[in-house]
Ligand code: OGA
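Just one chain is shown here, as structure tokens, and it is the form predicted on its own.
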Amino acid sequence: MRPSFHPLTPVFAAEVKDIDIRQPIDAETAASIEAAMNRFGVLVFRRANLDAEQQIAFTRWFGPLDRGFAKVRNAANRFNVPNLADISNVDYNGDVVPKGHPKRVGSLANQLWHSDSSFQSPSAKFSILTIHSMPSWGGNTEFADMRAAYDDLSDAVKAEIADLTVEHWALHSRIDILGDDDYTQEQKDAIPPVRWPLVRVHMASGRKSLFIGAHCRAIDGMSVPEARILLAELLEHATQPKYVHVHEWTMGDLIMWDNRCTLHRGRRYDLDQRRELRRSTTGYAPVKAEAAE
């Protein structure tokens, strides 16, 4: 049986059923998932229960693995699985980190709307996130559809932003939260800023999409205050409830999203309670078969 896709909102996101991705998938299945990603932007696999190796094997169908922000911290991987990011509030030994710990403070930036690896070239394609322990409250993950948000802009705003170029920097959001002293110059230089069009065409669907979020630092040709006001207004528009899907986690869930046309953020939770997620991310390469119609 091939996977089936069931919309979760009127504009994007779908739940995937009729598939057990703990088992190896084939090219036809990968192509059908990629086609659904091109349409929905976010896919939810309830109670997938993948281990680290299964997650990486599934991820490899959709492009080369990308380390993203790990290039800055370059921390040891407690899973001994390369390219699997530890999105958690625990240390290398699996203990919940205390107040003031750099990992605890730095992870707060995940609560800002962002697109994974927008700060590098090429930017990320898909991200895949699994959950392995949950706090008693909070910790939902929210997604916003940048294609639908662009479609609903006024003609005047579309004309205003059509040719703008935005600078994205890996540490912009974190320095806003932590200050400038938490990172060495070597870390600041690890991923130089990149520039992207504010409006990009999502090539897989042919639709225009906003490319904004917490990593955006400046707009070419604008003063910093003017640029940040415009970016804040666009973000406010693009994250209205009608463009947002809220995922309430159950143990073992897997979520897959397209960084080229969505933003996401984690929500607040009790940082003294264990919350462990594992993220794998892909760059650009075709799947191993042509995408399904």
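For every residue, the number given is its place in the sequence shown, counted from 1. Note that the coordinates shown come from a computational prediction; the quantities given were computed from them, not determined experimentally.
Although it is not shown, the form predicted in complex with the named molecule is what the next lines describe.
- Among 209, 173, 141, 120, the residue placing a heavy atom within 4.5 Å of the named molecule in the predicted bound form is 141.
- Only one of the listed residues (153, 161, 129, 134) places a non-hydrogen atom within 4.5 angstroms of the named molecule in the predicted bound form, and that residue is 129.
- When contacts are defined as a non-hydrogen atom within 4.5 Å, all of 87, 110 and 277 contact the named molecule in the predicted bound form.
- Only one listed stretch (110 to 118, 193 to 201, 145 to 153, 90 to 98) carries heavy atoms within 4.5 Å of the named molecule in the predicted bound form, and that stretch is 110 to 118.
- Residue 260 falls outside the set of residues with a heavy atom inside 4.5 Å of the named molecule in the predicted bound form.
- Though the partner is left out of this view, residue 63 does not reach within 4.5 Å of the named molecule in the predicted bound form, counting heavy atoms only.
- Not displayed here, the named molecule is approached by residue 264 to within 4.5 Å at the level of heavy atoms in the predicted bound form.
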